[in-house]
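In the form predicted on its own, a lone chain appears below as structure tokens.
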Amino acid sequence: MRKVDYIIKQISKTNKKNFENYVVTRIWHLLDRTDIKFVTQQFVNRPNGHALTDMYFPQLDIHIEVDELHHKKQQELDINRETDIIQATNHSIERIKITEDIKDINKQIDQIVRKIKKEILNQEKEKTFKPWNYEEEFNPKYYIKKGCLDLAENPSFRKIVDACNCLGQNYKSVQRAYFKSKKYEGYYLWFPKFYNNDEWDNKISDDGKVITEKCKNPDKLGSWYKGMSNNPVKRITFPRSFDNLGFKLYRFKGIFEKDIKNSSMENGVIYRIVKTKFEIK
């Protein structure tokens, strides 16, 4: 997919919400910066469920929320939702209240655009601004050159083979989801699926810090658990997920180690995150 396709798809997700579509497109066109990435319907974990923010700028840690007329009846819910988002992300939230006056809506949008441009300018002055390079986002060479995978930057790959080769496996294709590292002693690469199926029932906690791996095949259960219990390796973990456009991704979630004390054959093997950053040699 090209960058222009990504942008069009993001905007098209607001097509059935007239005011949201108006706000998103006006902000994007007023910014007039193709090196700024934006996401519509950005997923954010909450203590009890999740939230979808209307527009999000990952480079700036800014979310935009469009408060249509029905929001007047749910102000307390909106406050609680906003508090959860800020606590979960430490990002800022800008709100646009939809009124009957188009000039008032445009004035609010213009104020937010000025704030966004100011934040971009500040980052450029401090030399911390990272232009959006869509072509490099999922490219193993980008992370190899960068020298690390950092959970804070949400590294993602389109294919398992790309994540493997980022870490020196040199594969042409892959059919498995668990590999011994050729380059990093004591590490395995792991690509778990977090949904219930005939063989496995794997889960990750809402905060992403605990993974439970459970084998459901009674013929394999004993040998699997014995092998896992006796294998102390660290796991460089890339769970399979889908982005907000529905594309399959393998996102780096950190380095996990077994918690043997709290594991059991009946309840599964517990893994806990021990590092959120992995240095690439």
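All residue numbers are counted from 1 along the displayed sequence. Quantities reported herein were computed from a predicted structural model and do not represent experimental measurements.
A second form of this protein, the form predicted together with a further copy of the same chain, is not displayed here; the remarks below concern that form.
Can you work out which of Ile120, Ile112, Val174, Ile105 has a heavy atom no more than 4.5 Å from a further copy of the same chain in the predicted bound form?
After the contact test, the surviving option is Ile105.
Considering Arg26, Lys234, Lys214, Arg251, which brings a non-hydrogen atom within 4.5 Å of a further copy of the same chain in the predicted bound form?
Among Arg26, Lys234, Lys214, Arg251, a heavy atom within 4.5 Å of a further copy of the same chain in the predicted bound form occurs only for Arg26.
Kindly confirm or deny that Ile11, Asn15 and Phe19 each have some heavy atom within 4.5 angstroms of a further copy of the same chain in the predicted bound form.
Yes, because Ile11, Asn15 and Phe19 each have a heavy atom that approaches a further copy of the same chain to within 4.5 Å in the predicted bound form.
Of these, 55-63, 252-260, 217-225, 31-39, which stretch puts a heavy atom within 4.5 angstroms of a further copy of the same chain in the predicted bound form?
Going through the listed ranges, the match is 31-39.
Is the gap between Val274 and a further copy of the same chain in the predicted bound form 4.5 Å or less for some heavy atom pair?
Contact check for Val274: no, nothing within 4.5 Å of a further copy of the same chain in the predicted bound form.
Using heavy atoms and a 4.5 Å limit, would one call Lys281 a contact residue for a further copy of the same chain in the predicted bound form?
Outside the cut-off, so no.
Consider Glu185 of the chain shown here, and say whether it contacts a further copy of the same chain in the predicted bound form, taking contact as heavy atoms within 4.5 Å.
The answer is no: Glu185 has no heavy atom within 4.5 Å of a further copy of the same chain.
So, Asp207 and a further copy of the same chain: in the predicted bound form, are they within 4.5 Å at any heavy atom pair?
Close contact is absent here: in the predicted bound form, Asp207 is far from a further copy of the same chain, nothing within 4.5 Å, heavy atoms only.
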